[in-house]
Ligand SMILES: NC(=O)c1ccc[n+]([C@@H]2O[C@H](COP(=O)([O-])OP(=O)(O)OC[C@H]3O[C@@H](n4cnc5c(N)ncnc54)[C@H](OP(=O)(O)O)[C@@H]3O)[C@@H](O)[C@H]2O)c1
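Okay, so here's just one chain, in C-alpha cells, the form predicted on its own.
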C-alpha cells in the first residue's frame, strides 16, 4: 500500500512534560499527529516525552512557556505555525491546583496564579488557535479538547473550591465555543478526569490523595494518565466527527 499523502494533523499540547499531558502527547503521536509540547520548568522530562513521540513517527516542537505570562502564551501558535505551517488541534491540558484545605484558609495570591494558568491562558491560547483554524477566517477547521476536572461539578468542598471554579469556567468555555465555532469547522469538547495518579496532588500538599480517595470512587481506584489520554484521543478520531460541546467524564463512576 502506498504511503498516505495527506498532511499530518498538528496539535499543541500544553503541559506536555509529564502526567496527563505526556500521556496525551504519546497517544496522539501514535495516532499520527505532529506535536508542539509546552513545559514550564521540566525541560528534561519534556525532551524525554518528545523523544518518545519521535520514535512513534511524530515531528515534535518543544516550547518553554510560562502560562502565567500572556506574552509567552501568545507566542505558542506563531511558533507552531513557523515550525509546521498549519495547526489543526489544541489540547488545553496545563493546569495547577492549589494547597488542599478549607476555603477559609485559601491564599489569594495562589488563587490568582492558578486562575491565570487554568483560565486566562486557555482563553488566550484558544482564541489564537481559533483564528487559525476557523474556516470563516481561511483555516481548515480543527479540534480543541479542554482538560477540565470532575471537581467542576462536585465543587470540591474542603479541598480546593477555587480550583473547581476554574474548571467550571473551562466547561462553560467549551459549551460556548462549540456553539460559536461549530459552523466554522471547529469542534470543541471537554475531558473531565477524576482523581488521577499525577504529581498534581503532591503539589497541593496531599501526595497520597489517589489512595485516600479510592474507597469513595465506585471503581475503587484512581485513574492512570493513559486512561485520560484515551478519552482525549477519542475526540480527535473519526468516531467523534459529530460530537461537539460534550464533556466526557473519566471519573471511575463519580
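Note that this is a predicted model, so its numbers are computed, not measured. Residue numbers count along the first chain shown, from 1.
Not pictured, yet referred to below: the form predicted in complex with the ligand.
Quick one: in the predicted complex, does every one of 20, 66 and 163 get a heavy atom within 4.5 Å of the ligand?
All of them do, each having a heavy atom within 4.5 Å of the partner.
Can you pick out, from 173, 96, 132, 156, the residue that has a heavy atom within 4.5 Å of the ligand in the predicted complex?
The residue in contact is 96.
Quick one: find which of 146-154, 98-106, 176-184, 124-132 has residues within 4.5 Å of the ligand in the predicted complex by heavy atom distance.
That would be stretch 146-154.
Any chance residue 189 has a heavy atom within 4.5 Å of the ligand in the predicted complex?
No, residue 189 stays farther than 4.5 Å from the ligand in the predicted complex.
Is there a heavy atom of residue 117 lying 4.5 Å or less from a heavy atom of the ligand in the predicted complex?
Yes, contact at 4.5 Å.
Is residue 42 one of the residues lying within 4.5 Å of the ligand in the predicted complex, judged by heavy atom distances?
Contact with the ligand, yes.
Does the ligand get within 4.5 angstroms of any non-hydrogen atom of residue 86 in the predicted complex?
Output for residue 86 is no: heavy atoms all beyond 4.5 Å of the ligand.
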